[in-house]
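Listed next as structure tokens is one chain, alone, in the form predicted on its own.
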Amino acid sequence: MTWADDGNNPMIHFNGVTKDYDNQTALRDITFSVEKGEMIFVTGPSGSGKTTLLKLIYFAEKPDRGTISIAGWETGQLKESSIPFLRRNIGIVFQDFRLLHNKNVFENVAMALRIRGAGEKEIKARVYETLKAVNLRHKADVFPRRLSGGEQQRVVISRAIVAEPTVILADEPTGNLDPDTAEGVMRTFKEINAKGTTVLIATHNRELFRNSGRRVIRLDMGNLVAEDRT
């Protein structure tokens, strides 16, 4: 199996997607596309469906109605055995970090490469290069509990990008950060995007995309209520 993107299809396409939880609709008839190399924001108040939308993209959930395609692959037609492969092309920045506290920064970032069976020489080179990119090379031997919230978030970003994924998904990546640290995190995403990676950022913080010139998908109570550029 190969990553199917041939440049002719949108990187991500939702067509009439609805997702229900226990008779409550999380997303209702959502349709939109994200082109290869685009950086967009998904925004809306708490409970509007932002996290559910991201979960559908990385196969943590399946739609109840409608179709989703990622790089030309329609997720409803995927075999379960194919999902791990496609997930390897998606880097995820979780809101709650999900770092392994019994492993240092280097090992947390290296985990994504070890899962892919990379050799130790490649792992060392790529982990240090990625940590340098987020200004954490000097923290490689430190354990997560000794890092600030901003540093932990940058470790999460490093872990998400170390395997050079085609798509990055970030769920409220600056939610618990001070303004200066949040600005640094956003700068990192822009640099990643400038290298050709498709980036989706779910956030309720309008300051992250104000006057950015980026496309914004606005959700409210599970509905796509607007799509515009700031």
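Sequential numbering from 1, following the sequence displayed. The structure presented is a predicted model; accordingly, all values stated were derived computationally and were not measured.
Below, we refer to the form predicted together with a small molecule, which is not included among the displayed structures.
Per the 4.5 Å heavy atom criterion, the small molecule in the predicted complex is contacted by stretch 23 to 31, the sole one of 186 to 194, 161 to 169, 62 to 70, 23 to 31. The closest non-hydrogen atom of residue 52 lies within 4.5 Å of the small molecule in the predicted complex. Mapping the unseen interface onto this chain, residue 45 counts among the residues with a heavy atom inside 4.5 Å of the small molecule in the predicted complex.
Relative to the shown form, the Cα atoms of residue 96 and residue 180 move apart by 3 Å or more in the predicted complex.
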